[in-house]
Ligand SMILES: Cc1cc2nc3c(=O)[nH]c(=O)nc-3n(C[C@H](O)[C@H](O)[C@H](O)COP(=O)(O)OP(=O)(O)OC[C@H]3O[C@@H](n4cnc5c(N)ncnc54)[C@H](O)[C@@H]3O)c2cc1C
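In the block that follows, a single chain appears as C-alpha cells, in the form predicted alone.
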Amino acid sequence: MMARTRERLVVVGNGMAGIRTVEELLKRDPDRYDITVFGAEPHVNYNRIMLSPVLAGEKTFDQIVLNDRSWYERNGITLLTGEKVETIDREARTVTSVGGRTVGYDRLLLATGSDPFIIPVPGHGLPGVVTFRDMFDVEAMLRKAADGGRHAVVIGGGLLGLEAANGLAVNGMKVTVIHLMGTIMERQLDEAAGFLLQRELEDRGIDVMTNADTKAVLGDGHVTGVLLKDGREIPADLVVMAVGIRPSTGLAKAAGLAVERGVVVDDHMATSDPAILAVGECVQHRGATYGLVAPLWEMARVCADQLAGRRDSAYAGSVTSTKLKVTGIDVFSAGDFGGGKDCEDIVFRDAARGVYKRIVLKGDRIAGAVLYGDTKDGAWYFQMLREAENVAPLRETLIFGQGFGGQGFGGQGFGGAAANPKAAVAALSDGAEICGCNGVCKGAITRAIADKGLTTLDDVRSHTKASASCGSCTGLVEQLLELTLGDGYQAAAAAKPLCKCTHHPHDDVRRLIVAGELKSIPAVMQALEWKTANGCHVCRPALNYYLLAAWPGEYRDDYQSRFVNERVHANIQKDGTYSVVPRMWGGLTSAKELRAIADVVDKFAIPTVKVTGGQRIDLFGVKKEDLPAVWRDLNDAGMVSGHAYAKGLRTVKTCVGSEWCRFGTQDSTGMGVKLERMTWGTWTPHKVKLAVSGCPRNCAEATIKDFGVVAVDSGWELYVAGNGGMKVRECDFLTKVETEEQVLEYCGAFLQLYREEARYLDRTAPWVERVGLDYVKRRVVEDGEGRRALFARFQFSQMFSQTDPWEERASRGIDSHEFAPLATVG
C-alpha cells in the first residue's frame, strides 16, 4: 500500500487562533499535512489573554506557554519564529518572509490576529509610549517599572487598559487611567457596574479620569506626560495606549483578498481565495469582527473541519461574554445589555457586599447579563443565553442564581425556605449582622423588640440604631418586627416612593445622599439598592438635582439626566425650533443690547420677537444648529442666558420705583437687579420667579411670586410661596426688613431652605403648604444664626453655578454633538 502524499499547510501566525486550529486538525487528521508555522514573535505559542497576570507578577511567561517547542517537534511541525510573512503569491501558492524565506503551500491559513490602535496625537511616537499586545509590550512595561518609573498613564479604560493599569500599579507605579467616555468598560458594562469597578480601582490607588480626551503626549526625547484637551496635564514616565485593536489585514489586502474591516470569510472560514482560509481576530464574518477568545475557539473548530475535509461544518457567529482578569475584582458580562422598549430588566443590588446583578430579558429569553461582585452564576446565565432557554418558570428567582433554594436549572423548581424572603430572614443566626452602619446583629434587634416591647420601626431605630443611618436595612428590620410580633406588628403607612425604581421616598433619598456621602448617581443607586439598572425619566433628574444641591463644587452635573430644554439651554417649540431668551437684569436693557438682538434676528432670519411677561425679549423660531452662533453674538454684546428653560431662577420682575415713579418709596429696580445678580444660575427643585415692587400698589405683581418684595416707607415687606399659572396662589407674608442687605440675606436663606428640603418638581407654594409657613418662619426669620448659615450655604453654592451655559457651548464647544446635524445630505 502506498503512503498518502501529504499536502502542504502553511499557517501565518503562531498565536492562539492559528495553533488552536492546528491542534483541532491534528485530532481529526494528523497525517494529512506537512505543516509550517510562521510566527512574527520570537516565542512559541503562548496564552495571550494571560499577559495581564504576567504583568501583575502572578504568573511567569513559562506558565502561560500553551505549546513548547517539543510539541511542534512531536507533531512534525516546522516552526519559524521571528519570521514575519511579507508577501503571498497566490498564483505560485507561496509565501515569503521578511527574511527572504519562501515556502510553498496547498492550503494557507491566515491567523495574523490584530494590531493595536495608536491615537495619532502629537508625541505618540515618543520613547516610553507602548501598547499592550504581546510579551514585548509586557517586558517594556516591567523594565520601566523596575527602572524607577513613577508615573504611568494608561489611555483607554477598556478591558486591556484596566488590566494594564492594575499590573503597573502592582509593580509600584502611580497609575492614571484616561478614558474618553463617561463610564469605563462601557462596551462590556452598564453604568452601574462601571461605577462599582471604577470605585474599586480607585480604592486600589488607581486614578480614573472619565470624559477625558487626549490632546498630546508630552516629552522631549522621552515621554514626560499627557495633555488633555481641557488643559489638564498628567505626569508620565510611561504611556500605555490601550484604546482598541484592528484586524491585521495588510498581508491579505496586498495579496488581493477581499478585505473590509477584516479579512472577509464565509461560514467555512474560506477567504475569497478557496485555497486560503483565515481564522481569529483578523477575520470578518457576516460583518462582525471579534476580539475575545471564545469566538476564536469556535472558528478554529470549523476551520479544522474544513482542512480535514469535513465540508458540512459551518461557523454561524458567536455570542460573547467578558471577564476582567484583575485579581479580587469579579466582573462578568454577556450578550446585549443595552435594553430597550421590548426588554425587561431584573436588577439585584446588595450595597453591603458591593454586589450588582442585572439580567436583561427579551420575551422569556435572556438577552444579556451584567454581574459585579458575585459572578459565580455567569456561566449559567451565559449558557441559557446562548441556548435561548425559556426562563419564564424561573422568572421570580432567576436573579438569585443557580443555587438559589438548593435547586438547579432544569425545571425542578426553586422553592424551599430561601424562596421565601421572610423564611430566609428567620433562618439567619442571631449573630448575623443586619445593620452594617451601626454593627447591629439580628439577636440584638429581636431581643430589644421582645424585652422592651418595641412595636414600630422608629422604636427599633431609637433603641438599637438599626436602620438609623443609611437606611438600606430598613426592609430587614421590618421583617424582624413582623417575625417577632406576628399579627401584633402593624407597619407604618409607607411614604410614596420617588418612582418605581426604588422603595425610598424623596425625603429619604435626600437624607441618605448626605448621610452616606453619596456623590454620583450610580453611587446612590448602588447604596440605596435601586431596583433598576439606570433609573428612569423620573428619578434621574431628581437625583441629579439632589446631588447638585448637596455637593456644590464636587458633583458633576449629569447631562443625560436633564430634559431636552435644559440640555440645549433653550425652549423647544411645537415646530421643533427653539426660543432664546437673553437675561435682562431686573428688566433693564440698553441700546447696545437691543441692537445686538436686532442684528441676531436679521442674521438668523428669526421669525418672531416677543416681549415676555417677565420683562424680557424672547426670540422664537431659532434652528437648533444655529443656537451656538446666536448665543455667541448675544454674548459679544454682554448678554448671558436668561435660563428661561431652567428649574432655577427665571426672572426678577421690577417696577421703576422711586427713580421715576411719583408713588415709589424705594429703588425697586436697583433692588431687583441686586437680587437677580445674586440668584442667577442657581438650580432649584422647580422654576423660581422673583419680583420687587416700589410701593404697595404692587405694579410688579410681587405678591404672586416665589419670593416677592414690596417697598414701604420704613423698609421692605417680604412675601413667599406665591405663583400665577393655572392655580393662582397669593404669597404668604414672611416678615418686614429695613435694609437691602437684609432683603438679600432673607431671600438667599429662603431659597437655600427650599433648595435643601423641597422635593424635586415642588414649587415653593406646595412645599410651604406641606411644611407650614410657621416652619419656614422659624428657620428663616426667628433663627438668626440658622438664617445666616443658610445664606452662607447659598452663597457658597452660587460660586459654582454662575457660569453662563451659552458661553460654554458657543465658545468652548461643550456638548457640541447636541447641536450638530445628524447627517449632511447633498
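Residue indices: 1-based, along the sequence shown. Given the structure is predicted, the values throughout are model-derived calculations rather than measurements.
Although it is not shown, the form predicted together with the named molecule is what the next lines describe.
Colleague: Among 70-78, 599-607, 110-118, 613-621, which stretch has residues with heavy atoms no more than 4.5 Å from the named molecule in the model of the complex?
Modeller: Only one stretch passes the 4.5 Å heavy-atom test: 110-118.
Colleague: Since exactly one of H268, K84, R447, R365 fits, which has a heavy atom within 4.5 Å of the named molecule in the model of the complex?
Modeller: Partner contact (heavy atom, 4.5 Å) among the options: K84.
Colleague: Only one of L675, L296, L189, A466 has a non-hydrogen atom within 4.5 angstroms of the named molecule in the model of the complex; which is it?
Modeller: Exactly one listed residue reaches within 4.5 Å, namely L296.
Colleague: Using 4.5 Å between non-hydrogen atoms, is A40 touching the named molecule in the model of the complex?
Modeller: Answer yes; at least one heavy atom of A40 falls within 4.5 Å of the named molecule in the model of the complex.
Colleague: Applying a 4.5 Å heavy atom distance criterion, does D706 contact the named molecule in the model of the complex?
Modeller: Outside the cut-off, so no.
Colleague: In the model of the complex, is there a heavy atom of the named molecule that lies within 4.5 Å of any heavy atom of V65, even though the partner is absent here?
Modeller: No, V65 is distant from the partner.
Colleague: State yes or no: in the model of the complex, is some non-hydrogen atom of L228 no more than 4.5 angstroms from a non-hydrogen atom of the named molecule?
Modeller: The answer is no: L228 has no heavy atom within 4.5 Å of the named molecule.
Colleague: For the stretch 44-69, which residues lie within 4.5 Å of the named molecule in the model of the complex by non-hydrogen atom distance?
Modeller: The stretch 44-69, when checked against the named molecule in the model of the complex, contributes R48, I49, L51, S52 at the 4.5 Å heavy-atom cut-off.
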